[in-house]
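Take a look at this single chain in structure tokens; it is the form predicted alone.
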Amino acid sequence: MSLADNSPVTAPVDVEERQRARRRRLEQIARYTLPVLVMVLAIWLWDRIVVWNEIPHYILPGPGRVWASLTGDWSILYEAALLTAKTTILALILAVIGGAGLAILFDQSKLVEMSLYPYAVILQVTPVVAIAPLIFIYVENKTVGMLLCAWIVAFFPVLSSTTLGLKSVDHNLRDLYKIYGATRWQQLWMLQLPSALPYFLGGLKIAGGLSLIGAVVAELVAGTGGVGAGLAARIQEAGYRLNIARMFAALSMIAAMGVFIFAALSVLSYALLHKWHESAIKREN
């Protein structure tokens, strides 16, 4: 046997593995650095446009002035952000309870689904801006009214996605459970709910952003001001005073809140799915 026959055959495999590892590292770096670079570039362009065109600060403030307003009015904006976050989180919790609970009820009773699902669709497609004034007429407590507006917006994605997930169970598995004599509740708990979990989590991420939108719209319609006002009310108030820098500062806090909610729900989804579901399992290319 020649020396050439004893050459390692795994060398090409090792090279390919190192290339894949290097590509993964570059992708991880790019995933975090590229958005930051784009944001830095956008802020720099914003600042240059204001300076080059000599735009007055009451029309378009520069990023430095917005930052000064954010830090200078921090106590006011922080208090407003807490109120908006409280409404958002409570509305999301109620949407999860109501949407998932009603989806299970729809799955267990076809009669209930046929009776109530069309009205859930009507409630979803009707703009909350049109419903909110009526809500604040009949609900004296503005906090409860804002919570109801935010809940209406966030409710349907949880309901529809969970209902779809409960109906998407493999029929072969369903028949297997019936063969072994599983009760309806055993099928629901051991088969349907785990199968519907990815759908529910997908709807939850959508509902998280919509609950924030609903809370902001409700604050604008309610017109609350002064002590106990949320971020949307602070934007409205700053607009009346032509304090555009504070408007931008409050808007940036709303955007940051929305990003945080989406990131938190994405982490929750990954934690619940990454060990078993195809949507979260990382595979080699």
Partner chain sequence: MLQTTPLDSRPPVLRMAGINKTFGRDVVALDGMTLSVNHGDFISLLGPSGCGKSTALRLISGLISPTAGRIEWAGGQSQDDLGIVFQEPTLMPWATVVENVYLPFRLRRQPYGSVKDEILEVLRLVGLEQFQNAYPRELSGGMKMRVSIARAMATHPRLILMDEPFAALDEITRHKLNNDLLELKAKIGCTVIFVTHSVWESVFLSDRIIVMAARPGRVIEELHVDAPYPRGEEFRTSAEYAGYCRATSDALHRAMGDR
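Numbering follows the first chain given and starts at 1. The structure displayed is predicted, hence computed values, not measured ones.
Note that the form predicted in complex with the partner chain isn't included here; everything after this is about it.
Task: Contact assignment for the partner chain in the predicted complex, among 105, 82, 190, 130, heavy atom within 4.5 Å - done: Spelling it out, the residue with a heavy atom inside the cut-off is 190.
Task: Heavy atom within 4.5 Å of the partner chain in the predicted complex - the one residue of 180, 78, 138, 119 that qualifies - done: The option sitting close enough to the partner is 180.
TODO: Go through 92-100, 192-200, 158-166, 138-146 and give me the stretch that gets within 4.5 Å of the partner chain in the predicted complex, heavy atoms only.
DONE: Correct option: 192-200.
Open item on the list: So, residue 125 and the partner chain: in the predicted complex, are they within 4.5 Å at any heavy atom pair?
Closed with: No - in the predicted complex, heavy atoms of residue 125 and the partner chain never come within 4.5 Å of each other.
Task: residue 22 within 4.5 Å of the partner chain in the predicted complex, heavy atoms - done: No - in the predicted complex, heavy atoms of residue 22 and the partner chain never come within 4.5 Å of each other.
- [ ] With heavy atoms only and a cut-off of 4.5 Å, decide whether residue 173 touches the partner chain in the predicted complex.
- [x] Heavy-atom contact with the partner chain at 4.5 Å: present for residue 173.
- [ ] Please run the contact check for residue 115 against the partner chain in the predicted complex: heavy atoms, 4.5 angstroms, yes or no?
- [x] Close contact is absent here: in the predicted complex, residue 115 is far from the partner chain, nothing within 4.5 Å, heavy atoms only.
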